[in-house]
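Only one chain comes next, encoded as structure tokens, the form predicted on its own.
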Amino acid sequence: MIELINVTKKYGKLLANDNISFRVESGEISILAGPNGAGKSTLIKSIAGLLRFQGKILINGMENKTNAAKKSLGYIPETPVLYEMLTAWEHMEFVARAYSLVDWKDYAEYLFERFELADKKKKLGSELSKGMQQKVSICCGLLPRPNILLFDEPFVGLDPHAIKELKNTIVEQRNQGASVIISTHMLDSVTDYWDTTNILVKGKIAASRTREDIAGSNEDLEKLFFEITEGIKASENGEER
């Protein structure tokens, strides 16, 4: 379970996240949507414990920066950051050592097969394409079998097969009880399997919905997104809608 309580993040005078509160239950996929600059990546990084912030973030009831919370968490960033002089497989070994994993190799092999990396094991990070780097990043995030997963624009740069496998993997993780947050502007990639959504505009939650809310109305996720974001733009420009 992930719980945010009055989370605020400033960069100098810029208010990136403004008093944000929401929960993601176990066995739930929550979408974080919003235009560029809405504060999605900042919020994901704060949850992952990479940024200082005001407020409170709990991971399975524990402060998110505690070691126990970090062991429960897998973070796949928007831009993969691999070590140039480590091979793809050595990245998995690095994660295994960092998390003190045992009997991890069979699962690592399975992940590499699933994301078509088996023949890239010996390739250095610097030799991999952006899409391949993203696949390695995904495998590294999944290797410790975390029950909290944070994905920041995970579909960008992936080929169709990898997108399909990642979608299936995310659903499988949810069905196994994981709490999943996906920050994305590619709403068509999450239409079939999201459970809750929060739409961010200028650092604030402009709308929250559950799949049941949408099913009981004439809305769909993409329609709601454009109504919210375009409505706010029109209001700021003094236009009537």
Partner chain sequence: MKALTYLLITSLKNRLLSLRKKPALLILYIIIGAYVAFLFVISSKTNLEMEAGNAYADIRILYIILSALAGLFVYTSIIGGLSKGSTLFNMADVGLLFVAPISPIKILIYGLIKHMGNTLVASIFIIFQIPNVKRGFDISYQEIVFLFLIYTLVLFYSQLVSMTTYILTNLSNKRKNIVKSMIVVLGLLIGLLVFFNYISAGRNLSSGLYQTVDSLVYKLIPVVGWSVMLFSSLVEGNLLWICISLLLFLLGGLGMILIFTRGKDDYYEDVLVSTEYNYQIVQKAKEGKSTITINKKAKVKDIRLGFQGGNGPSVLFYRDLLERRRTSKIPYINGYTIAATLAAGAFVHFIKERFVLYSVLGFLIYFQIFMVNLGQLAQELKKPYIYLMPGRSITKLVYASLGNIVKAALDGLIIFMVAGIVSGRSLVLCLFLALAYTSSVALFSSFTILMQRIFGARPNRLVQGIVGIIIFIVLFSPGIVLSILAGSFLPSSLEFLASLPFTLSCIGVTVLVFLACGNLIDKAEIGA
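Positions refer to the first chain, counted from 1. Predicted model only: the values in this text are computed from it and were never measured.
Beyond what is shown, the protein has a form predicted together with its partner chain; the following relates to that form.
Candidate site formed by Glu25, Met186 and Trp194: none of these residues places a non-hydrogen atom within 4.5 angstroms of its partner chain in the predicted bound form. Remark: Val102 does not count among the residues lining its partner chain in the predicted bound form, judged by a heavy atom distance of 4.5 Å or less. Its partner chain is not shown here, but in the predicted bound form it comes within 4.5 Å of a heavy atom of Gly49. Within this chain, Phe112 is remote from the site of its partner chain in the predicted bound form, having no heavy atom within 4.5 Å. Among residues of the shown chain, Leu149 is not one whose heavy atoms approach its partner chain to within 4.5 Å in the predicted bound form. With the partner omitted here, the residue from Leu128, Leu158, Leu86, Ile170 that has a non-hydrogen atom within 4.5 angstroms of its partner chain in the predicted bound form is Leu86. With the partner omitted here, the stretch from 174 to 182, 66 to 74, 205 to 213, 28 to 36 that lies within 4.5 Å of its partner chain by heavy atoms in the predicted bound form is 66 to 74. If you take 82 to 97 and check each residue for a heavy atom within 4.5 Å of its partner chain in the predicted bound form, you get Leu82, Tyr83, Glu84, Met85, Leu86, Thr87, Glu90, His91, Glu93, Phe94, Val95, Arg97, in sequence order.
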